[in-house]
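Quick heads-up: it's one chain on its own, the form predicted on its own, in structure tokens.
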């Protein structure tokens, strides 16, 4: 194995970044590995809905990076990368900190995309971080007076919008009217057919109002302006608008123009940047030109993190790199308190048992297996009666 003088640097510590770091360390104990993230804690986003509904505790899905990387030989720095010089192999961070790298993994994730619609940033709530769910819960728990507007608009009928709508409806069904606004003619456009059907059943059963073929034109401090396929404009007062309509990649600035596709970094099948073979990009921020984009899911990022760790080991050894192949393990969705839908892993299942299986699977995917088992164990103690009829 060739020696490397500078560290392998991973920018961003979500599902992809954490998996890349831990598998790099597993592949070789001598690698110098540095992880940089602007946050102090990992966020297991697929389970934020259960934190919001108090079905699980925040600590179960929000471990600190210091605990994840403790005793691993991986160095973690809380900081923000502002600029990357690929030619000099140099990162420019805030507070005038500069870091050299031998190999670089970009895994900076995504943030909500407002599509430049007026009023979204100023007047909407979001649901992509633990702080978001905490702020939303605090807002919705406030008492409302008789006659006060009780309409909650959730913008976007993708997985995030549907899962959140089901939780909000279960938690506040006597307090708020929940309305999903979807630009297209159907919900969950890229989801499995079984999950889509189960979601539609849940939406109907919970009396969630679904407005299809509606586009948001503007959001003011009191009204949401919607347009349908006939260009009719409707102005509707609201209690709150929650934006789940899309995401955009979080990217630092670079010293030169790089190739992009759909505003994401263009990578080859080995997950490398086209012009910089020592730089890899994974997760929400990257895409190859040989597909229409991998699903924006945790399982894609996790698989890419493991694969990029293996390819870095190969490139250091002057061996041929391997193309990434996504293994679709299926799709799981939360559909209200104690209910879920699963399509994949050899089965289709919905209801309470699906919720239990989903929780077990996600607990096993926590970045550190010790914490994952601890989370599962605490849940089993509370829910063990569920399994009496199964075992």
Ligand SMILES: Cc1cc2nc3c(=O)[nH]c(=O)nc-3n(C[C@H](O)[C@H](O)[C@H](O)COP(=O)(O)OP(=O)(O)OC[C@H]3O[C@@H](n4cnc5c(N)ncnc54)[C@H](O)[C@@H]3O)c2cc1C
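All of these numbers come straight from a predicted model, not from anything done at the bench. Numbering follows the first chain given and starts at 1.
We do not show the form predicted in complex with this ligand, though everything after this point is about it.
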Residue-level contact is defined here as any heavy atom of the residue lying within 4.5 Å of this ligand in the predicted complex; does residue 264 satisfy this criterion? no
Please run the contact check for residue 52 against this ligand in the predicted complex: heavy atoms, 4.5 angstroms, yes or no? no
Give a yes or no for residue 63: in the predicted complex, does one of its heavy atoms lie within 4.5 Å of a heavy atom belonging to this ligand? no
Contact of residue 136 with this ligand in the predicted complex (heavy atom, 4.5 Å): no
Want to guess which of 114-122, 215-223, 272-280, 77-85 is within 4.5 Å of this ligand in the predicted complex, heavy atoms only? 77-85
Are 28, 72 and 311 jointly within 4.5 Å of this ligand in the predicted complex, each by at least one heavy atom? no
Identify, from the list 202, 297, 191, 303, the residue with a heavy atom within 4.5 Å of this ligand in the predicted complex. 297
Stretch 96-115 - residues with a heavy atom within 4.5 Å of this ligand in the predicted complex: 107, 108, 109, 110
